[in-house]
Structures are given as C-alpha cells and as structure tokens.
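First comes one chain, alone, set out as structure tokens in the form predicted on its own.
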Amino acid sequence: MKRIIAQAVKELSQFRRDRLTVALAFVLPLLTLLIFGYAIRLEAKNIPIAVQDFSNTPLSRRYTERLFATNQFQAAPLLGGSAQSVLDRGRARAAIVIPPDFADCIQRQEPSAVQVAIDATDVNNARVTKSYIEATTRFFLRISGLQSVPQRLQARIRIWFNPGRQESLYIVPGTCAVVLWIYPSLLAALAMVREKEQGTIVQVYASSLSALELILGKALAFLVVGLSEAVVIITVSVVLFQLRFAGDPTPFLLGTPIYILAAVMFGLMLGTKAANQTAAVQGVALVGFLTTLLLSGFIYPVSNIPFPLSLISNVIPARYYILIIRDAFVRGTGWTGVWFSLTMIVVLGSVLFNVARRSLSRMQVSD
C-alpha cells in the first residue's frame, strides 16, 4: 500500500510541475462546458418564415400576427418576390401562402386551404416547423371561435421534471459526463505513454514495483485530479446554469468517483498500448470522445441509434453516468431509477482495469 501511495504522490508532483498539463486538466474542461452549455440548443427558435397574404383581410392579418406572436417564428421579407422564391433562395425555412378567398370561405364555414411549403433539408427542424405551424393554426381557430365542431377530447398537458423547459438542465449534465470521461482518461493515457517515451518505465520494471501497484498508483493520482475537475465543473454548472439536486444525491456522489476511476482506467489501458503521445491522444479522441459524444445519449436518445452501432452504446460508461447525473439534477428518482447504471459502470471499469493490468504485465515480462 505504501508503494501505491508513493507512486500516486510522484504522479501528482509531476502533474503540478507541468503547467501545460494543469491547463489541460482544468482550463479545457471549463471551456468545453461553456461552449457546449451555451452553444447547443435542441429546440428551434426564431425560424424564418415568409407569408404571402393574397386575402389581405382582417382575419388573414390576425392569422399572420398569431404566427409571429410566438417565439418560434420570425418574418422573412419577400423582397418583391413570391414566398416560394424566398424559400428556394434559402432566406426562409417555410413559406405560407394565404389564398384570396381565405376569409370568405371561413365566413361561409367552408374549409380554406392554406399552402405551407417547408424546407426539409434539415429533417428534424422541418418536423419541428410543421408541428409549430399546425399547433399555432389550431390555437388561432380555437381563440377565434372558428371551429365548426367542438372538440370532444381535450388533453391537459403538464410538463414533468422540467416545467420551465430549460435546455441547460438536459445539456449541461450530459456535458459534465463527457468532460469527466475525456480529460481524466487523456491525462492518464499521456502519463503512461510518457513513461515509455522517457525510458522511466524501464526503471519501474527493474524495481520491485508490480504492474498492479503501478496501475493502482497512477489511477489513484488521476482519480484525485479527476475529482478536482468534477468539483470545479459541477460548481461552475451550479453557478452559471442553476443546476440543483432534484432528489437523493447519493447515487451521484457515489457514482462520480467510480465513473472517473473507470475513465482513468480507460486512459491507462490506451497508454499501455499506444507507442507515443500522439497515438494516445488520437486513441482517446477517436475511441473515447466520438463514442461518448454520439453513442451515449448525450444529445440523441440511445433508442435512435441504428443497429449495429446500438450494440456499442451498451459498453460505453458515459451512457450510464449520463442517466445518473441527469437523474440527480432533473428527475430525482434516486436509487430505484439508476442502480443498474451504477452497476454497469462498476462492471465496465473492472474490465478496463483488468485489460490495462494484463497489458502492462505482458510489457513488463517481455522487456
């Protein structure tokens, strides 16, 4: 145990002396949190739409005003052309054409066809735009008393867990999970590869320090660094993005060090296999960052990932930690909702530890 602690102290001393590594550990995670937290928005707003009103009646003007009364749409100027031409030029995401007989048909209680053309280059935003226009049209008909048949069924919808619809409550916890996976693993991988590049790994082999003790010593050191990163990241998230615990915080408090330890083990595993620091960085970026960003449920639901990539998501620890941290700050269900996720992080971390230990043991024997 003393040799493990001595190895950890040595790693922390080297870490403190390297200013570039300290910046990599704390400055870059903060920048990542700020960029992701403020830049990523999943709900489309201020969608430019062009309206061409051939009716030009009080009723058609009220309908147009109702469209722009929401925060979702903004008017795109026609500039002497038709609504369709504005859409074709990319100056609007949707074009609405109100026919000349719009008011007359409605007053005679006859249906009036309003043409809506939507740019479907971005399929997701096209669906959102379509839903917004349909919902606004139904609301306009209801408040104007123009529905000929009263609604027999009314859904009273209440938004649960996040009634204010703050996207930061969804994005920021996921960003914390990505940050706490990438940077501890990157630091651990660089530290392990640096031993091989500088030749100090030979001294370790010549000493009585076993591969298990070396792995545990480095893991303990970068676990301390990772926990420091977690404290900084979570504190900034609480201050800037108003994150608050929604329920029992113990799964989060217990799961965070286990998750960081799994990230460190992942980095040590890559460090034992990489030949130089460039290969280690590329391995963390390709295997760690891309899979965590795209296959963990950070932005897109895991259920939307097609087969066979959906199988890969089952072995990504960030997928399970995202469920834990979002539950802590948004849902608040506690142990009953996240016990399986915590179990999976422990299992995957154990697998990474065994792979790193065996790889280092083979290197020690071969050298």
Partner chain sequence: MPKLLDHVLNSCFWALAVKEIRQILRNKQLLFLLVFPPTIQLLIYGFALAPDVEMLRLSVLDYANSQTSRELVSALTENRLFIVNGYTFSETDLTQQVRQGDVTAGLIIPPNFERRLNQEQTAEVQVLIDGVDANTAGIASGYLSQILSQFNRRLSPEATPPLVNPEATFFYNPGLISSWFFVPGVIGLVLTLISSLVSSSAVVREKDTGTLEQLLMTPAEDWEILLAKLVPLFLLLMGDVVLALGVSKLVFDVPFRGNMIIFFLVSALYICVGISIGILLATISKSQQQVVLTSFFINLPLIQTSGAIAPVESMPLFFRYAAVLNPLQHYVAIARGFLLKGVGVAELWQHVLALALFAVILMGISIKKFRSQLN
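Between two forms, the rigid core is the largest collection of C-alphas that superpose within 1.5 Å. Source: prediction; values computed, not measured. Positions refer to the first chain, counted from 1.
One more form of this protein should be noted, the form predicted together with its partner chain, which is absent from this view; the next part is about it.
- In the model of the complex, at least one heavy atom of P301 sits within 4.5 Å of a heavy atom of its partner chain.
- Using a 4.5 Å cutoff between non-hydrogen atoms, N162 counts as a contact of its partner chain in the model of the complex.
- Although the partner is absent here, F241 is not a contact residue: none of its heavy atoms lies within 4.5 angstroms of its partner chain in the model of the complex.
- Taking non-hydrogen atoms only, D104 never approaches its partner chain to within 4.5 angstroms in the model of the complex.
- Using a 4.5 angstroms heavy atom cutoff to its partner chain in the model of the complex, all of Y38, D88 and A120 count as contacting.
- V114 is the sole member of L212, V114, A75, V231 with a non-hydrogen atom lying within 4.5 angstroms of its partner chain in the model of the complex.
- Look at 223 to 231, 276 to 284, 263 to 271, 248 to 256: in the model of the complex, residues with non-hydrogen atoms within 4.5 angstroms of its partner chain sit in 276 to 284.
- Along 287 to 303, residues F289, L290, L293, L294, L295, I299, Y300, P301 each place a heavy atom within 4.5 Å of its partner chain in the model of the complex.
- With the core held fixed, the Cα of Q109 is displaced between the shown form and the other one by 2 Å or more.
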